[in-house]
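Shown here is one chain on its own, the form predicted on its own, set out as structure tokens.
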Amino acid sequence: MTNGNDPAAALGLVVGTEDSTPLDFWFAVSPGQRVQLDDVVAVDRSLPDGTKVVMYGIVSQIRARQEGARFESDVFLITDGVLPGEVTEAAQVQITRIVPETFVPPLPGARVRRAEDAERDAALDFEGVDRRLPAGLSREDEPIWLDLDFLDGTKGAHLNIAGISGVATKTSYATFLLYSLFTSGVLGKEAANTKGIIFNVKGEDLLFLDHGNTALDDESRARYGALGLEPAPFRDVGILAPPRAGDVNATPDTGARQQGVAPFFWTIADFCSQRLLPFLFADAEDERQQYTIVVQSVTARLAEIASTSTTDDGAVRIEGTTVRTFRDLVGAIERRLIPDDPDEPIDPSWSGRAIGGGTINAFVRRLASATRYVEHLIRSDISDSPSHALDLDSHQLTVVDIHRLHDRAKRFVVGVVLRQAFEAKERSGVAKPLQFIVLDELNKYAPRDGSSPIKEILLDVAERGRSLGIILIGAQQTASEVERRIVANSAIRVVGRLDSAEARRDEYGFLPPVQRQRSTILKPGSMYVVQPRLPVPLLVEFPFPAWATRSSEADPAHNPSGTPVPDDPFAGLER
């Protein structure tokens, strides 16, 4: 550790030309010293009563100037030695901690030193963290930790990630945090029972999490070692994918990955008894319509029918007719709402009271338009339909693949899965083991304006999930478009690269001006992490994924689940 009393070791001296406060100060950089953004520093002050106060902080800005120059053109004269002048550097420090907590400023002339080892832990308030979750590395490859108490519900819960798609690497960081949770030992014995659900919304990036990454090099492996982690793929992964449309065998609709994937869908009886119809009316167009009253009435009527008229194979009987496909179900609903005889009255138990014909017709049209997008997800037309119910408990990490679905079908699946997971935690009555849910594109499922069944569930998770042990790791490109209460209930905020216009939004007020400006040029793999223990954002770099993020990276020799990757990704498919 450097000695703050050794002039040769001092990074610099607190300047007297700028105000020093208990929150920030400037220091002049000593000749021959290198200071850069994110450096952790310390400075001492002795009080009149003899108390020694240590102030810790992070370098947030650095400037260089020529002292003695009055005009811009003086730079040429000073450089040529015609005018006297000297180049100086000064760094601004945002104070993170004062020990003991006596809020006084550092004095001009005080020596500033680099905080290392135990002093660095003290500066970043890591020394008081009992349960350290590896969150990544500093630019000098020093570990950075999260306090698990603010993620698992002990003192706070939930984590939100914002950043430009494809550049901010939001999903990559979310999967790194899951891997850290499962394998770092921070959860103790609870790790074995802790579950995770992650929605694969784009491409097939998350379908090979149980395969080693052939692109992982020795340098990346060393970075895992610095965090106390083993560079390896996820050990226990279940892949769920929707069946192919029109396939009577319910073959999973995936591309490169064909092995170790299970199809999922809901039977007609499940759809009716679990009241899933509202999840087909969960986008902005539906929020503005009157037919939501009809949705609730039809949902209640279907649940009533399913309670008494369900067959062993998951079909339902509606007034003597057995319904096995979603298309048939839509037809049965339409016949009850729009009778063949125009003079026949509509049963209010189906439509609701005092509902006009125009509203009913709008509901029927909207329901019928969903048929081609979801009929392969809601069916009882194969012999073992009930066996394909969504299983979220068999594996430590469950990947629900929805990337090939239409937006309406995506909303349906996300809403139903979230409700199933949330209700399971409610029934259990205990917070442990924890259930982590990773969902990208939050702005699509919980937009700032309007309401929907999915948004209500996400609000429930954000506001009550802490006590239930269900933790949301949400991500989006633009936090300004996400429901405020969901973001506000996230104890930990993570920001990757932002669009310059988005960075100016009030939602990023937790970032100081310098960090907010810098967020627009962050490179992939770098994130700002803000946690309650520390008043200043920390720049974190996380290691290259040790798990495959696409089929071309998948290492068949390093695959804990034992599912092979075919040489021909289309092997077994009909040509």
Partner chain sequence: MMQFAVDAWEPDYGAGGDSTHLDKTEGMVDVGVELGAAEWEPVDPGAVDPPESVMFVDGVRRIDARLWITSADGLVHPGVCASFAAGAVVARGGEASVEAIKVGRGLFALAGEGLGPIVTKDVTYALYPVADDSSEGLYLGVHEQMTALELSIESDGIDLVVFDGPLRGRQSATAVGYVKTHHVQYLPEDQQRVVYRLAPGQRSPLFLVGGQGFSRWSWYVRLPGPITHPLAGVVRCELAGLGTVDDAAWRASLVTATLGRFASEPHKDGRAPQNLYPIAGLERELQRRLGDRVFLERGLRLAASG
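Positions refer to the first chain, counted from 1. If you're wondering where the values come from, they're calculated on a predicted model, not measured in any experiment.
Absent from the display: the form predicted in complex with its partner chain. The rest refers to it.
Student: Which listed residue (Gly81, Pro100, Gly188, Pro345) meets the criterion of a heavy atom within 4.5 Å of its partner chain in the model of the complex?
Tutor: Of the candidates Gly81, Pro100, Gly188, Pro345, Gly81 is the one lying within 4.5 Å of its partner chain in the model of the complex.
Student: Could you tell me which one of Gly85, Pro108, Pro433, Pro252 places a heavy atom within 4.5 Å of its partner chain in the model of the complex?
Tutor: Spelling it out, the residue with a heavy atom inside the cut-off is Gly85.
Student: Using 4.5 Å between non-hydrogen atoms, is Ile338 touching its partner chain in the model of the complex?
Tutor: Outside the cut-off, so no.
Student: Flag Arg70 as yes or no: does it have a non-hydrogen atom within 4.5 angstroms of any non-hydrogen atom of its partner chain in the model of the complex?
Tutor: The answer is yes: Arg70 has a heavy atom within 4.5 Å of its partner chain.
Student: Although its partner chain is absent from this view, report whether Leu77 comes within 4.5 Å of it in the model of the complex, heavy atoms only.
Tutor: The answer is yes: Leu77 has a heavy atom within 4.5 Å of its partner chain.
Student: If contact means any heavy atom within 4.5 Å, which of 29-37, 62-70, 507-515, 541-549 contacts its partner chain in the model of the complex?
Tutor: Among the listed stretches, the partner-contacting one is 62-70.
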